[in-house]
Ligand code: ATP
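Take a look at this single chain, the form predicted on its own, given in structure tokens.
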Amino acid sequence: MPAEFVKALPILQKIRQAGYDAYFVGGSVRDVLLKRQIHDVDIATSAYPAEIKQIFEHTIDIGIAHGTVLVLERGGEYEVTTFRTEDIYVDYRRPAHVNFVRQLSEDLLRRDFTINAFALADDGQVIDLHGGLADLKAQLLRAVGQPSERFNEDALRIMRGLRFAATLNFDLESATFAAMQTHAHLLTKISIERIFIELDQLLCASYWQKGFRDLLAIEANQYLPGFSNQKALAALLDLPSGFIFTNAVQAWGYLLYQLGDTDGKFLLKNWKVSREFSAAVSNFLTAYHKRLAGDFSSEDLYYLGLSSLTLVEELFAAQNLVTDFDRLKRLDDRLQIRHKTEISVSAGELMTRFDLPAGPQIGQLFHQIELAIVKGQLQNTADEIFKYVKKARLESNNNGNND
């Protein structure tokens, strides 16, 4: 067992000593079997929430209506959930009601895919009631029970399946694939925020091309905002086999580029992402179009950021286009400031020294100074900036007199 499970073993043993069943369940068991790093340790038990609270001194009700209690024990936090069955799903996402049960077998029936329907006992025994071990070996994603029922219950499972294909490099079992295709229209019933999380993880996965190819094959894109252009989306798959996006900004930025988006505002409006993420994607898109037109400038680096320019250059490299990472380094080394707050004098100092009135003119002057520093035409020192302003005022006055 991995260290995370070993640390949590006393939780299982304490529940069992109280006369109840308890197991490690879910994706962590799958990842252990695949020798992958695990992140969360989930525990399922025949004990009801009130009984768990009697066994452990320190608990927090984090989802008690659904049977989940957070146990604080031995310096760790563990989610302990009662075995349960689920009533009719009323919104293609959540059950109207859950029923607590004492049998593990009933609990495992409600899992999404066979490879997520394992339980692991404290003695290391793997309980596999749905053929998950065989599917792991065959690298197959198969829905538990009737696939149509699973996706009709919770349509987000469609996106989860695509994400698992991308992260695990697994194939969709034929009946599962067909059911996902049939029920893809139900994605319109799911909150776009939840879909974004799954698609974002898919795009950033090691085998994203497999997951994205499956997404297009079941035509799930037709039910995602702005993704109806199948041909444009398919262009993503022209990237070299094995190419992995550096981060989500690069992945979504290139995806939106293929869709013809120029500023990324569509992402903020329709996918309800954060303003920070939308701005980062917008910078990437601007940088990508600038790079297509020619080399990057100091101004591009200053206004768009080194990260955006590097992400673009990486994509150019992946497409065997001409790149110049050394130029980016030279531009970055020469850049004197990264934000206007780093300018050696303030607008107030300029107003005082040159007796300038407040208003748009001082803003224009300060922007002129900022741009000159960025272009390397002006050293970012107080003396040089004052000389620059003095010269500019003299030239302005002379031009005024000539007029």
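Note that the coordinates shown come from a computational prediction; the quantities given were computed from them, not determined experimentally. A residue's number is simply how far along the shown sequence it sits, counting from 1.
The following text describes the form predicted together with ligand ATP, which does not appear among the structures shown.
Interface residue remark: Gly26 is counted as part of the site for ligand ATP in the predicted complex, having a heavy atom within 4.5 Å. Ligand ATP in the predicted complex is approached by Asp154, whose closest heavy atom lies within 4.5 angstroms of it. Although the partner is absent here, Asn116 lies within 4.5 Å of ligand ATP in the predicted complex, judged by heavy atoms. Interface residue remark: Arg111 is counted as part of the site for ligand ATP in the predicted complex, having a heavy atom within 4.5 Å. A heavy atom within 4.5 Å of ligand ATP in the predicted complex is found for exactly one of Glu349, Asp40, Asp61, Glu342: Asp40. Of the residues His183, Lys210, Arg160, Lys290, just one reaches ligand ATP in the predicted complex with a heavy atom at 4.5 Å or closer; this is Arg160. Here the chain stands alone, but in the predicted complex its contact with ligand ATP, taken as any heavy atom within 4.5 Å, falls in 103-111 among 273-281, 103-111, 301-309, 202-210.
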